[in-house]
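In the block that follows, a single chain appears as structure tokens, in the form predicted alone.
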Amino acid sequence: MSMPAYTNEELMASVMARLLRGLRHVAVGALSPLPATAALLAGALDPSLRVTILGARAHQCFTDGGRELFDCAAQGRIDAFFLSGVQIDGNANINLVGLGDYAHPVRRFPGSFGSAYLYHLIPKVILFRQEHTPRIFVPKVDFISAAGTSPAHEYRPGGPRHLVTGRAEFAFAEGRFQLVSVHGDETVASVRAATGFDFLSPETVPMTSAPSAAELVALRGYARTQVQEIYPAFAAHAFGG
């Protein structure tokens, strides 16, 4: 079996970058090297896209960090954002707080840091997680840091639209995930076996499109150079070529 001509990180970044086409402004939070790569790739291919990355000197004009990001979201000035979690369930709820009982957790994590606020306000939230196993994608999260859906009477302009993992791409609509494509040698069966919640699937599921030549050039040139400033360890292993 021949090895792919691109890394899993490059494939995921290209998938997420394509989801940003036609937008005005994408923002990326802290400690998010893969979304930062995707946003930079999208910006390299479409210079009209504004890319804001917290923690990057060259890609943010904020003087007050996260608080200005929240202000922009409330004003409707951010079109897309990325969120992840230690657990994600079939209702697109994410858990960033801890595992087990809340009062006596098995493990505690840093916390939600505005994820619920941004999840409700930004029109296109792209969920992501490179590891795709039943311990991540669970039937029900242990703690809801940010809810994927809201009651019908609640005003909510934002929410989850896509999920990109190391195995597949999903769309999210009407409270359910639907499989869009599978990566490389994955199949619908292998993705189901790695997912703790049920999801919809069309009769025929295509293989995820590989990064194009133009995408790989931008990834391995401009995006790698820019990401290296913020995430040198990630840049050292995530790019092929």
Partner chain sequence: MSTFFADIEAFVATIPDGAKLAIPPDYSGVALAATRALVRRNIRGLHLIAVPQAGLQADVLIGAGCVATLEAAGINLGEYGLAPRFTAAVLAGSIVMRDATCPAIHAGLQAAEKGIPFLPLRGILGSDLLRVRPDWRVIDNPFGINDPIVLIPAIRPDIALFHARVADRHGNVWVGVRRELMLMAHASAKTYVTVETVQTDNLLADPALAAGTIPALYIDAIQHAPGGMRPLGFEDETAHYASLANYASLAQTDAGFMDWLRTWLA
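Numbering follows the first chain given and starts at 1. Here the structure is a predicted model, which is why all the values come from computation and not from measurement.
Only in words, not in the display: the form predicted in complex with the partner chain, which the text now covers.
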query	finding
Whether 111, 230 and 233 all lie within 4.5 angstroms of the partner chain in the predicted bound form by heavy atom	yes
Location of the partner chain contact in the predicted bound form, chosen stretch of 129-137, 165-173, 113-121, 76-84 [non-hydrogen atom, 4.5 Å]	113-121
The partner chain contact in the predicted bound form: residue 145, any heavy atom under 4.5 Å	yes
is_contact(residue 196, the partner chain) in the predicted bound form, heavy atom dist at most 4.5 Å	no
In the predicted bound form, residue 200 touching the partner chain (heavy atom, 4.5 Å)	no
Heavy atom of residue 188 within 4.5 Å of the partner chain in the predicted bound form	no
Stretch 28-50 - residues with a heavy atom within 4.5 Å of the partner chain in the predicted bound form	31
